[in-house]
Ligand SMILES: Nc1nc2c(c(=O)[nH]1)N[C@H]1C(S)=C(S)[C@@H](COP(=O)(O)OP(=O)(O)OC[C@H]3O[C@@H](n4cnc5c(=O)[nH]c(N)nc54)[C@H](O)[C@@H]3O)O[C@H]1N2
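One chain comes next, on its own, written as structure tokens: the form predicted alone.
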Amino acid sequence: MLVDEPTDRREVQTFCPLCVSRCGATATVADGALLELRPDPAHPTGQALCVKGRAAPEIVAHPDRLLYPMRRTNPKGADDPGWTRIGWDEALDEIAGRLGDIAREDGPEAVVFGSASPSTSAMSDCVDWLTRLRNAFGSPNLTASMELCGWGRNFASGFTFGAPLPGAYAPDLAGAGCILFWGYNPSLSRLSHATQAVAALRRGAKLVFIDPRQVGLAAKAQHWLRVRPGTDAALALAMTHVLIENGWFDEDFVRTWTNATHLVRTDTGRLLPPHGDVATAPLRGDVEVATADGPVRCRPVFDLIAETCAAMSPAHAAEITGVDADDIAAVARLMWHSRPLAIYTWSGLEQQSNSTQTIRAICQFAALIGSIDVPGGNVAFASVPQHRIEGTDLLPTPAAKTIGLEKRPLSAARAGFVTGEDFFTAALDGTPYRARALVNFGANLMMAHGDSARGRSALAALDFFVHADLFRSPTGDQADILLPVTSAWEAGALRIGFEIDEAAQAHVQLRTQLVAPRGEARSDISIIFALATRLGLHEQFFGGDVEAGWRHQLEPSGVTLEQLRAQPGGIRVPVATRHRKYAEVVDGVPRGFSTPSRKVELFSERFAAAGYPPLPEYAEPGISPRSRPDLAARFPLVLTCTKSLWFCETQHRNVASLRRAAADPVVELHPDAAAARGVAAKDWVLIETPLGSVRARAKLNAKLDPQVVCGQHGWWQAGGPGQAGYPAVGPGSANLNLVLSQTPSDPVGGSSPLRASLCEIRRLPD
């Protein structure tokens, strides 16, 4: 045996939690080190593994890891925080003491909890436990970028279907006749979807991509619609018009399971209670209804939809969106004639000033096509039973105190989620009350949200800020206490269900610890449990025993921790998905949908009551050539942004292998736009917006609209030799969000317009 040959080499089945794909993997471990991570085809999400997952050994061993708890010694705003090492007991005691004091003085709502998005970080391991801590502490406030990465998937569509589409109603890609990816590219965001989509194409499924850029799988699509950023609602309404005009809609589903035949008063614009047999009621025309106050003229919801969509003809939509009218009609035809239709949307539609109505417009044509909870459509797959552990019953403070709820009563603030915009306002201006403290797990708030300089000021204004992370960050450097967190492979985690289909949802896995934690780093979940204990929340956190919490979570499943440890690749629990669950009869009546009316609510009475348009409408982006011609004269280009294949949002630019593949921040622009500005490929340029300028290298992309440019957010970290770092704010910054505004935000959900604004590109001198 060679002296340097590993003596304890072993292969361990695991999964990678760095993004929403949560790919099944096999790890090679030897002599206490993680050597390799590669796909595990036996796992329901293990057909492929992205470059970030393969870089796991570098992440674990990185020399810049945080290894010890630290306390700030220099004032906020100083270039050097003056970090001094402290012990865990000292850190936890100080945190618990400061939080307790603030709660006694101004109420627990003055403490905000924060989390990196569980879709783009390993916080998926424990975000529900952080929510439990927030609730048990008594705060209704959690900032987790929900308005930027989840509002559309998890909330906006719920007003139509009563459950998220495409969240709870996931795309059944294996059985789909047509797949629609809108504002979402699984080649960059979710390899488990990408591999399923490729398999679907091989068996003959059709594929439609709607995105300003043609990347990855979009090149294989039957139709790629290059929509102007922020105008997606116009496109959706035009496609709905084509469906209605040609009779391409599932009339039985529309009549029976939506409120399309319900009547709307023409005098008040509000719904009447259902009259007569709504399944046979007319879809079009005027109806006179006798009421206690005399006859009232009404129109069916469907008639109003038809009228609204007729105003957005394909020809009119083409002028707005830049998509050819014939292509709009062709896509509508394809989706109807290639049913069942499976849809997935994501943050390309959520980071807009009209995100909610855009999602509702897509839900509207999805409902007309009728592929809801049917094989090959969007299906609520069966899942493994478990005890919910978010602890919503533990919150003594009414949810009405959530920051932002008064301003946006239908937003995710109803579930305790605070937008970055509203959190910064509460910290800086005390509206609706002052946010005094933040307990934050990994969220790089300065870099993730628009107007980074305002975010920095908000963090500096806090009385107390504790941040837990793997590495230092611009956000963490504003903290009072900095806590070191393990990588995902230095800690265990329980996963019940992997989301993408029935087999994945039936999969339960305990990710075992592969290597020892470095330094004094602790897992996020162990920090949460330890802090809960210090705060006197022993009973709510199972005496501080993480494994006891997992056992409680698993109890309804019939699976034990011992079984999971014996089968590290996971256990499949028998489940059976039932389709068309809304049609099941319970106590003599159909189950229906989880909306107030038990119908798919094309017309939303909740929106009408809150003062919002009850039918989806198109609104021009708040910062665009059409809405702001005063700005467009100086900033004539439409600016959007995209996720990088190589990094999870603002993370990993310090990982040498990833950085070699993507060395510099990039802005893509059409060759004609570049030539008009004297810009060549790889030139350093300034991206100028009304908020300032940041630097990037030019990349020419002939597939872009000549009026559209596409940047990348998240650039700050330095890598290895020659891999520069950039200031988060100030001269020389490459932080795109520094020059993007949080406003005008979506009036319903609060989404920031990070994907649809204005800019100019100027070449930097050599």
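All figures in this text were calculated on a predicted structure; none of them were measured in a lab. The first residue of the shown sequence is 1; numbering continues from there.
Another form, the form predicted together with this ligand, is not on view; read the next lines as being about it.
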**Prompt:** Which one of Val215, Ala415, Val374, Ala110 is close to this ligand in the predicted bound form, taking close to mean a heavy atom within 4.5 Å?
**Reply:** Val215
**Complete:** The listed residue (Pro616, Gly420, Gly230, Pro171) that reaches within 4.5 Å of this ligand in the predicted bound form by any heavy atom is Gly230
**Asked** Looking at this ligand in the predicted bound form, do all three of Ala116, Gly183 and Thr640 come within 4.5 Å of it through at least one heavy atom?
**Response** yes
**Candidate stretches 145-153, 318-326, 502-510, 86-94 - the one whose heavy atoms come within 4.5 Å of this ligand in the predicted bound form** = 145-153
**Request:** May I ask you to state whether Val748 is within 4.5 Å of this ligand in the predicted bound form, using heavy atom distances?
**Result:** no
**Asked** Cys648 near this ligand in the predicted bound form, any heavy atom under 4.5 Å?
**Response** yes
**Message:** Even though the partner isn't displayed, in the predicted bound form is Phe441 close enough to this ligand, meaning a heavy atom within 4.5 Å?
**Reply:** yes
**Prompt:** Closest heavy atom of Leu188 to this ligand in the predicted bound form, within 4.5 Å or not?
**Reply:** yes
**Request:** Sequence order please: the residues of 346-365 with a heavy atom within 4.5 Å of this ligand in the predicted bound form.
**Result:** Trp346, Ser347, Gly348, Leu349, Gln351, Gln352
